[in-house]
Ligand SMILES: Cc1cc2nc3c(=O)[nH]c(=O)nc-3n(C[C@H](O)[C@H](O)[C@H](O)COP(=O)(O)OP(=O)(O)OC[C@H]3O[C@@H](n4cnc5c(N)ncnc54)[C@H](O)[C@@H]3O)c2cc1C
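Let's start with one chain on its own, the form predicted on its own, as structure tokens.
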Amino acid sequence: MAWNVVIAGGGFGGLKAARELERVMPKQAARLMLVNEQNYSTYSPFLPEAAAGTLEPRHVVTPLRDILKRTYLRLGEIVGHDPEAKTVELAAKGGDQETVPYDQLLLALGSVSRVLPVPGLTEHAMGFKSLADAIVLRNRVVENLELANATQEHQRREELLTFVFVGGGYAGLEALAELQDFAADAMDSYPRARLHGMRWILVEAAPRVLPEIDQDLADYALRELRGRGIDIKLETQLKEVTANSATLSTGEVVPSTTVVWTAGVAPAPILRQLNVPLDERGRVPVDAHLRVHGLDSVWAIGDCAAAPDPRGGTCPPTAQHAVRQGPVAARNIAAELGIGTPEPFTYRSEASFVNLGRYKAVGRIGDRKFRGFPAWFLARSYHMSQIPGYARKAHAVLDWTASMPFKRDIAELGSVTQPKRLG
């Protein structure tokens, strides 16, 4: 008899779990199915570099079929769950819906951007959570430079050349730093826009940036970015967004057509339809073995799970934790099916890095702290070790090498996904 193991989600955790199950489960012992909306997994730490043109966007993603040899990949989404019958409802790409039985179910559904009730936010702001977001944002920056270089109106040029990022965590700071670096290089090609000058603003509600790292490293990052002319507004909130302005809690109305929202993440909303317990933040509570509380054959990992952190509290929604929870959950699922022994999740985060563009970063490994170029080099080395697949590692190295002596491409490719109609 072959066991049915269903993995919902092909991000960091789901992909690692599938690969580990392929390794530990005998070929005829289990039928492995991974359900994901795309046929690729995105290496999200590289999104800022894809947006800035340092990396080719295709090299930020890994085709799942290239690295999963025995897992049946289904494109779609799990939209329902009956824990009593041990079935899930699969809404496949193309509109078909079917009931899929399971013996073990692993939820690795990740997270979405956390949206607050700010007037005009969903209508006028941009997110930065996916490869599509990174490409759209890059195209917006290039398009704004083109329009600002062409317009004769001072106010219009001010709106086009002001970029507002909301959220001072990893995503916000790295995206802002990389894109500001890219735009500063690109300005050489836009003489009128260069005379006017750009304005880059980071808005953070807390009294500090980068709460995930040590205070002195966050202070270094703050000084570095402010030294590049970036306006960082702490203890400030976004109050309203329109098509050409952002209103702040200080009362300032910033003329801008580009507001990027990176203020945290929330668990995937689909969890509310899956008949699993949820905590006050919408995450699935699990025990030390990553088993969902109250359900024998259901497990959860990554951003969608409230997993106990060995340091206390619950694990933060970071890729570092998801990639280590995946193999642990896989081995515990195998142990549940009689192969191996169960083990708790014991990972303690010992390293963290934040890229600041211009070959600079801040980071920590254990008790040792790094700043500037050494931190940037270590960050690149760490990410190189984590990219799945040798082909993607090679592509990333080639992209990084090629970007050093040559200028970055400033072609605006927004029309690529919007071809003209026939006739």
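Numbering starts at 1 and follows the sequence shown. In this text the structure is predicted, and so the values were computed from the model without any measurement.
We do not show the form predicted together with this ligand, though everything after this point is about it.
The shortest heavy atom separation between residue 148 and this ligand in the predicted bound form exceeds 4.5 Å.
When contacts are judged by a 4.5 Å heavy atom cut-off, residue 285 does not count as touching this ligand in the predicted bound form. Proximity of residue 45 to this ligand in the predicted bound form: non-hydrogen atoms within 4.5 Å are present. In the predicted bound form, at least one heavy atom of residue 77 sits within 4.5 Å of this ligand.
Only one listed stretch (289-297, 191-199, 167-175, 210-218) carries heavy atoms within 4.5 Å of this ligand in the predicted bound form, and that stretch is 167-175.
None of 277, 317, 308, 255 but one reaches within 4.5 angstroms of this ligand in the predicted bound form through a heavy atom, and that residue is 317. Checking 35, 32, 375, 387 for any heavy atom within 4.5 Å of this ligand in the predicted bound form turns up a single hit: 35. For the stretch 375-400, the set of residues having any non-hydrogen atom within 4.5 angstroms of this ligand in the predicted bound form comprises only 383.
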